[in-house]
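Shown here is one chain on its own, the form predicted alone, set out as structure tokens.
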Amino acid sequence: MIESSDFRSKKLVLNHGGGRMPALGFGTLIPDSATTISATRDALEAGYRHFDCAERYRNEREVGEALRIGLAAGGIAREDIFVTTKLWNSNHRRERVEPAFEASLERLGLDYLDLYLIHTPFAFQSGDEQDPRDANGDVIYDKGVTLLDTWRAMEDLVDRGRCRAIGLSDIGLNDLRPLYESARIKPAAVQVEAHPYLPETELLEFCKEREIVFLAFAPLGHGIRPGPLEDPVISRIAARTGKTPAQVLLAWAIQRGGALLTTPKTATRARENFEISALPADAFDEINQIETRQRYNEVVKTGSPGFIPRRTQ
């Protein structure tokens, strides 16, 4: 089921672009600028080599600064890290995709991206406003562009060599399947909320069969209480194996055959979340039998993530 019991160096091969995604990824959804910089550097020092960003998070410049400083201080080459960012919903029109990509690249201070994702399959009204809303406060969607239209523009980025691989985020199987069938360049990765309360097993199996990397965000349950971190099954396994509940949940996510993102904001937590190794087979099976089902982020229904912090520019 696994190649090695030590997950710290585990990488997953992408189906195009020649890249290898480190299974343990650091997510940069952090609202505070100073914390973004310190947490990103702490993650790099702890051993993380996979960094997940987004235009939507409004902190790509801070992440880029932290990476530049951290790489130089640690003598780490750009080729040794894997960087992802995402196209936001208000840039789904074909003519807006490349400018949005280039703007993200400039903010990050990078020459290329390892992976570029469509943040959600929902197109919002085009423009500089990330949350276009009508007089009633409802999101204004753009019905004049399809997901396949946007994907074609993403494929062009790969053709021109600016982006090594492309994929999708916050997408369900019903939307992924037809896109996959129509795509000239198949998605390299799919990033979705996944944890024992939302295992997304059918989507995981679809991805495995088609060599798409299944990338779980919120593997600890978004910090919602009560949640997977307090689940009695997880607590018992943690006590039995000498791991923390977080380490148990993260190990389970990778042991299923996917990758994950976590966002530790301190050096101590970064080290804890990076020290991940395989669970005993009986413990892994026990987690698979948890029956609680709960989604914490309803972005898959609206395109507007419930856990995105709002801040002034």
Ligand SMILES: NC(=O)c1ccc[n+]([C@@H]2O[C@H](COP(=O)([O-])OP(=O)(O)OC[C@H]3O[C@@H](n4cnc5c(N)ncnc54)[C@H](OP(=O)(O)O)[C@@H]3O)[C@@H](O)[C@H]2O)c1
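All figures in this text were calculated on a predicted structure; none of them were measured in a lab. Start at 1 and count along the sequence shown; that's the residue number.
Not pictured, yet referred to below: the form predicted in complex with the named molecule.
- Contact with the named molecule in the predicted bound form holds for all three of L29, R225 and P264, each having a heavy atom within 4.5 Å.
- Note on the interface: of 64 to 72, 38 to 46, 277 to 285, 264 to 272, the segment with non-hydrogen atoms within 4.5 angstroms of the named molecule in the predicted bound form is 264 to 272.
- Using a 4.5 angstroms limit between non-hydrogen atoms, S169 touches the named molecule in the predicted bound form.
- With a 4.5 Å cutoff on heavy atoms, N89 does not count as touching the named molecule in the predicted bound form; it lies far away.
- Taking the partner from elsewhere, P219 is found to have a heavy atom lying within 4.5 Å of the named molecule in the predicted bound form.
- For the chain shown alone, H119 is a contact residue for the named molecule in the predicted bound form, at least one non-hydrogen atom being within 4.5 angstroms.
- In the predicted bound form, D52, Y57 are the residues of 34 to 63 with at least one heavy atom within 4.5 Å of the named molecule, listed from first to last.
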